[in-house]
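The chain below stands alone and is given as structure tokens, in the form predicted on its own.
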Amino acid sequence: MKKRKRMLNLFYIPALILILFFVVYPLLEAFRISFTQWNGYSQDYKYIGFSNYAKLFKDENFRTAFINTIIYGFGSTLLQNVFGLAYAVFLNSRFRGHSVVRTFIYLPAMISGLIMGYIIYFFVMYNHGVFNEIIGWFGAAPVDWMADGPRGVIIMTLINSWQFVGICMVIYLAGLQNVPQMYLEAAEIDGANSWQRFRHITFPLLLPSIASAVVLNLIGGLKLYDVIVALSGGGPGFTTHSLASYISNQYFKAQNAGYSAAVGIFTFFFIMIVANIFTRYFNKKEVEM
């Protein structure tokens, strides 16, 4: 048995090598670069200590990107889970054609976020955009949808929520199908209505599914990048940037790789801390149940 276990452990080696080369090494390299003043191209590095990290607290554009990231992350997570759960409860009834509806809801998640952003661009663009064409039929003036930063943030939060709500739906459908029917039937016999059965039986038993959906959606929303690049590029100005898109902006446009790496390290630890807080919270709730 010991020899067999040693042989099985050899199968971990390819995965460990991939993790070392594509996760650990880039992270350590980014951490090193964050202490430098470097344009990202030349061979000359200038080590400046914690100056890039100190700059984070003085940079208004970083502050804007951080606030937007929180909106993208928590806003998308809330919408995806509320609508994902609603879709799952509705589709769990197995009415005629429910498989087609499931596919239709999940379909946007199969499209690249960048492609989705370019598709939506044709809806929100000022000249001959779909939305402006529609409101033009009613005599209204066209709207430059992405010209206002807060409105652009809301639009991209809605797009991200709509695109990935299908993932939540699938997770919740799996959870609903694992709820023992005998509990629901017993509650119905005792006189509990549909809402009471859902609140006191179905919802508590869905907690593992809720934990998975919330953490996955939260991580995805906090690192939102592709839709922003496709729709606004972070503009107007820096008003719609997320931390992920701001990293790209500082590296390639501002040619400030050291500061970009510092933003990246901050983003990594921020998402890790938030994900751990929610994971611990849901684990504690499961233990209490």
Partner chain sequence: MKKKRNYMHKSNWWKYLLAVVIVIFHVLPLYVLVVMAFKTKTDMSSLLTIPNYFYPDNFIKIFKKGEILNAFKNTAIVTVCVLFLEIVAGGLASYPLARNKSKWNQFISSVFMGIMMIPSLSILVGVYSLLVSIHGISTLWGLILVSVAFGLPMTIYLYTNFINAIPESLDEASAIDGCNVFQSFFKIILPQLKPVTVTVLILNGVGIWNEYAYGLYILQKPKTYTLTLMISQYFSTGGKDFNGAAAAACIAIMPIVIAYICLQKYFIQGTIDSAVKG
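All values reported here derive from a predicted model rather than from experimental measurement. Numbering follows the first chain given and starts at 1. So that the term is clear: the rigid core is the largest set of C-alpha atoms that superpose within 1.5 Å between two forms.
Although not depicted, the form predicted in complex with its partner chain is the subject of the following passage.
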Query raised in the report: Non-hydrogen atoms within 4.5 angstroms of its partner chain in the predicted bound form: do 25, 87 and 108 all have one?
Result: yes
Report task. Please run the contact check for residue 102 against its partner chain in the predicted bound form: heavy atoms, 4.5 angstroms, yes or no? Result -> yes
Report task. Flag residue 208 as yes or no: does it have a non-hydrogen atom within 4.5 angstroms of any non-hydrogen atom of its partner chain in the predicted bound form? Result -> yes
Requested in this report: Classify residue 5 as contacting or not contacting its partner chain in the predicted bound form by the rule of any non-hydrogen atom within 4.5 angstroms, answering yes or no.
Outcome: yes
Query - Heavy atom of residue 38 within 4.5 Å of its partner chain in the predicted bound form - result: yes
Report summary line: Answer key, its partner chain contact in the predicted bound form at 4.5 Å (heavy atoms) among 219, 201, 82, 186: the residue is 219
**Report entry** Sequence-ordered list of residues in 136-158 near its partner chain in the predicted bound form, where near means a heavy atom within 4.5 Å
**Finding:** 137
Query raised in the report: Core-aligned, is the CA shift for residue 90 between this form and the one not shown 2 angstroms or more?
Result: yes
Query raised in the report: Fitting the rigid core first, would the Cα of residue 112 be found 2 Å or more away between this form and the one not shown?
Result: no
Requested in this report: Answer yes if the CA of residue 175 moves 2 Å or more between this form and the one not shown after aligning the rigid core, and no otherwise.
Outcome: yes
